[in-house]
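Presented as C-alpha cells, the chain that follows is alone, the form predicted alone.
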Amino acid sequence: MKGSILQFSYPIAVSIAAIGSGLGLGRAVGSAMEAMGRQPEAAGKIQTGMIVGAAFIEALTIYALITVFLVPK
C-alpha cells in the first residue's frame, strides 16, 4: 500500500514542481526584460540578479527530481 502511494505521488509532486518552476522563471525573466526595457543603463545589474534568481528556482526543481531517485520505494 505504501509503495503504491509513493509511486503515484512522486510523479505528481515533480510535475507540480516543474510547473511552479516554469511559472516562476517565466515571471522572473518577463519582469527582468521589462525592467531592462525601462532602464537600459541598469541592464547588467538586472540581468545578474535575474540569473541568480533563476538558478535558485531551478535548484528547487532539481531537488524535487532527485528525491524521486533517492527515496526508496
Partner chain sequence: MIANRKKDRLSSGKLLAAAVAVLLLSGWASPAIASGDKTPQGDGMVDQAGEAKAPAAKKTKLSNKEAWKKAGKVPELPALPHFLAKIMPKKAHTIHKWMWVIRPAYALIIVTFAFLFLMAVYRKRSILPTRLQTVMEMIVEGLDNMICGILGEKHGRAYLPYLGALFLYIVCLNWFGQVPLMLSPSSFFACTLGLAICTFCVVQYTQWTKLGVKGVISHWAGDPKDVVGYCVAVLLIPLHITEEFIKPLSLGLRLYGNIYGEDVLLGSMLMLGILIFSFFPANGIPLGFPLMLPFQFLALLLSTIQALVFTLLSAIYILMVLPHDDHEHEEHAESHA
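Residue numbers count along the first chain shown, from 1. Keep in mind that what you see is a predicted model, and the values were worked out from it rather than measured.
Below: the form predicted in complex with the partner chain, not depicted.
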Closest heavy atom of Ile5 to the partner chain in the predicted bound form, within 4.5 Å or not?
-> no
Using 4.5 Å between non-hydrogen atoms, is Gln39 touching the partner chain in the predicted bound form?
no
How about Thr48 - does it come within 4.5 Å of the partner chain in the predicted bound form, if we only consider non-hydrogen atoms? yes
request  = Examine Ala55 and determine whether its closest non-hydrogen atom to the partner chain in the predicted bound form is within 4.5 angstroms.
outcome  = yes
Those residues of 52-66 with a non-hydrogen atom no more than 4.5 Å from the partner chain in the predicted bound form are Val52, Ala55, Phe56, Glu58, Ala59, Ile62, Tyr63, Leu65, Ile66
